[in-house]
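Only one chain is included here, represented as structure tokens and corresponding to the form predicted alone.
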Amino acid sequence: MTAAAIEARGLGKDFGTIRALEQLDLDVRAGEFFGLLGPNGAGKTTTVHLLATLLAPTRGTARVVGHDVVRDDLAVRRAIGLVFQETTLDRDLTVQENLRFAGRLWNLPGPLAVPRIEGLVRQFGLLERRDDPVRTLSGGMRRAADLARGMLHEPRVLFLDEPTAGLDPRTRRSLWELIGRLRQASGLTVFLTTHYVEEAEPCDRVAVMDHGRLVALGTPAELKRTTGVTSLEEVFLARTGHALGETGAG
């Protein structure tokens, strides 16, 4: 049996009187491409932030590559990469300067960081723009630079929180081709949140979330077959009673 990269049991989060995430039970296998599908406000980002130790759970437990997200938060952070909805790169620094700075934050020694950065800018198609300020890059290139930084310390799990939000369809396709090649080369576990059905289709398994609750889980084919529909969007409608474009709570 393949080991679990992520385990959550009864995981939940409240913000005052708002219950953003109910009691989530979830297992993600090592090397799996796992998708969390739901509308804006469904609790997807809250889930990622809990698993990435950016938020403390109100209830329940979670482990990432065997480390408890509360008791072993530093070990979790060393084991994960995280790409947010919005870039967190310094826009006035060049691509290479951003990566060098990230290397220092990860305490990567120069003899290790320099060739790793060189390899990443090549792999992510940034070689010719590595000395350009991030603010001069296109949206797709900024996303590629975010991914490069997220992979710099060679994480075991990569969290992608709606990474293509705001990108045009062509750039989104190019980015997913890049992520596909990255997975194939590294065996990385990828945990994706999205409200785009077409992005969830290639996932090994998909969890459908609505109003802070997990309402369906399985392979895309299983979800469509058991629901008796032909698309994940129809799965979502059948399981929740509303369309993906409608906003949830939390």
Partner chain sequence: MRAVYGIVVRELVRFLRQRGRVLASIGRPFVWLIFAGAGYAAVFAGRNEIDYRVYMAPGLLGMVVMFGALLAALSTVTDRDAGVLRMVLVAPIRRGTIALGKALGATVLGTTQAVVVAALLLPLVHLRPSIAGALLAAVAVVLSSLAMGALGLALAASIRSLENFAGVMNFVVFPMLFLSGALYPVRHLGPVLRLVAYVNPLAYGVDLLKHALLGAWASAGYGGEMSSWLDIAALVGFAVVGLVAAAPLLAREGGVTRTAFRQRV
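This is a predicted model, so every value here is computed, not measured. Positions refer to the first chain, counted from 1.
The form predicted in complex with its partner chain exists for this protein as well; it is not shown, and the discussion that follows is about that form.
L89 is the sole member of L120, L89, L178, L147 with a non-hydrogen atom within 4.5 Å of its partner chain in the predicted bound form. For the residues M151, A102, V157, M141, the 4.5 Å heavy atom test against its partner chain in the predicted bound form is passed only by A102. Using a 4.5 Å heavy atom cutoff, none of T194, C203 and K224 lies near its partner chain in the predicted bound form. Its partner chain is not shown here, but in the predicted bound form it comes within 4.5 Å of a heavy atom of L55. A residue is said to contact a partner when one of its heavy atoms sits within 4.5 Å of a partner heavy atom; R77 meets this definition for its partner chain in the predicted bound form. Taking non-hydrogen atoms only, H49 approaches its partner chain to within 4.5 angstroms in the predicted bound form. Within 4.5 Å of any heavy atom of its partner chain in the predicted bound form lies no heavy atom of D168. Contacts between 103-120 and its partner chain, taken as any heavy atom within 4.5 Å in the predicted bound form, involve R104, L105, W106, N107, L108, P109.
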